[in-house]
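Heads up, the chain below is alone and in the form predicted on its own; it's given as structure tokens.
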């Protein structure tokens, strides 16, 4: 008789995410153990508890999910978790703090449905944020020429350097998009725009993006009014507007949910996986290929 699937949810916030818990249950998890305000110092005891209670043959039935609003804290926690492993004593781990990996993967996959990303030019607005940085990283990994927009050039350049350091052959440039004129200048020649800003902040006007002659796809990941891309509806899903293909946050959200559930299920196929941005994107791509 096979062991039940156990997911250990390590959340860096005051309360462990209910959203992530519901998705876990809907993904076939039998038992969910939730821990909140988890720090790197807590990781060893929690992970050892998951590792040492089952033999190596059953460890694929236990997995760890790292979440919370703070992506940097999530990244540090994943590193602390994986540092606990040795030999066959390990469990699979997924990181999706602030929904950054699943949302970025869904956005890039949406763009890829309508244009070949290899050699394409892409602008990520709010490109230094948790979702924007990962979207830029995934676009670069697909061979796109990427501009990361930010209110300050220093932050944009630092983010671009981070991506170029971890993606072989990446072509990433930091650009300033602190006002309408700068945003239009950055967007003028691109094929794809992904707006990944915080809730309730408009990043580009309808007049600006509709004037971009080369633009093929524009994706907004903010559903809270005012939306990030003026003129794009939150439920838009491959809508033709002004000769461009538009996606709103809810239009992308269906793909994000499918990826999230599939990634949770994938954790229990073996005990040696670490699912970060690229791995989660690959899972999303496999779902696209199968559909």
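Residue numbers count along the first chain shown, from 1. These figures come from a predicted structure and were not determined experimentally.
Omitted here: the form predicted together with a further copy of the same chain. The next part is about that form.
- The listed set 232, 263, 50, 245 contains one residue whose heavy atoms approach a further copy of the same chain in the predicted complex to within 4.5 Å, identified as 50.
- No residue in the set 119, 125 and 150 has a non-hydrogen atom no more than 4.5 Å from a further copy of the same chain in the predicted complex.
- A residue is said to contact a partner when one of its heavy atoms sits within 4.5 Å of a partner heavy atom; residue 6 meets this definition for a further copy of the same chain in the predicted complex.
- Among heavy atoms of residue 283, none comes within 4.5 Å of a further copy of the same chain in the predicted complex.
- Within this chain, residue 69 is remote from the site of a further copy of the same chain in the predicted complex, having no heavy atom within 4.5 Å.
- Interface membership of residue 23, defined by any non-hydrogen atom within 4.5 Å of a further copy of the same chain in the predicted complex, is confirmed.
- Residues of 136 to 167 include none with a non-hydrogen atom no more than 4.5 angstroms from a further copy of the same chain in the predicted complex.
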